[in-house]
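Below you'll find only one chain, the form predicted on its own, shown as structure tokens.
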């Protein structure tokens, strides 16, 4: 069977290649931001770290701060994927526990490093407004995903007001948990102390939605 030709983006670059390039830049920019701060990091330094021209950096990012956005998004991609694959017959904690265990067994070194960088950028967002913007953009995407997921589990349209309120509250709860756990790990807490994270997530989502979301769907 013939393969599908990759979609071309700007300048004839495929979307897949552009995504990889943006992620490579974001990794190096995030390392620099964490090591020396955003103000002390220049576009030239980011370009040198990734082996590109500064002009190329500005073709793909509107500012040096925006270079953090792809890594910050990586910080919620697994979470969004896990929520999308949540089977109706499972509770949220059971599903998250299974997917967390799977990630622990199967995640590549690159995925683990990206997760660590995302945690650092989320922590940096506490003091860097531009990084905070990237983090809140990612959280907004989680909220949109949550609305679709909650709508499906409740048998309501995603535009329903109750669904939207539940999605906003649940995504805010996930944001707070991500920030809390990430900060604790960076301050030296043993990650094994958060082995109960799936249960914490489920409790937070149930509390945020008044118990409407979190349990198996019964027909």
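Quick caveat: nothing in here was measured; it's all calculated off a predicted structure. Residue numbers count along the first chain shown, from 1.
This next part talks about the form predicted together with another copy of the chain, which is not shown.
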| query | Heavy atoms within 4.5 Å of another copy of the chain in the predicted complex: which of the stretches 157-165, 49-57, 184-192, 26-34 has them? | reply | 157-165
| Applying a 4.5 Å heavy atom distance criterion, does residue 169 contact another copy of the chain in the predicted complex? | yes
| message | residue 89 versus another copy of the chain, in the predicted complex: is there a non-hydrogen atom within 4.5 Å? | response | no
| task | Give a yes or no for residue 140: in the predicted complex, does one of its heavy atoms lie within 4.5 Å of a heavy atom belonging to another copy of the chain? | result | yes
| query | If you check in the predicted complex, is residue 132 within 4.5 Å of another copy of the chain, heavy atoms only? | reply | yes
| remark: If we test each of 94, 113, 107, 136 for a heavy atom within 4.5 Å of another copy of the chain in the predicted complex, the one that passes is 136
| Within 167-195, which residues come within 4.5 Å of another copy of the chain in the predicted complex, counting heavy atoms only? | 168, 169, 172, 173, 175, 176, 177, 180
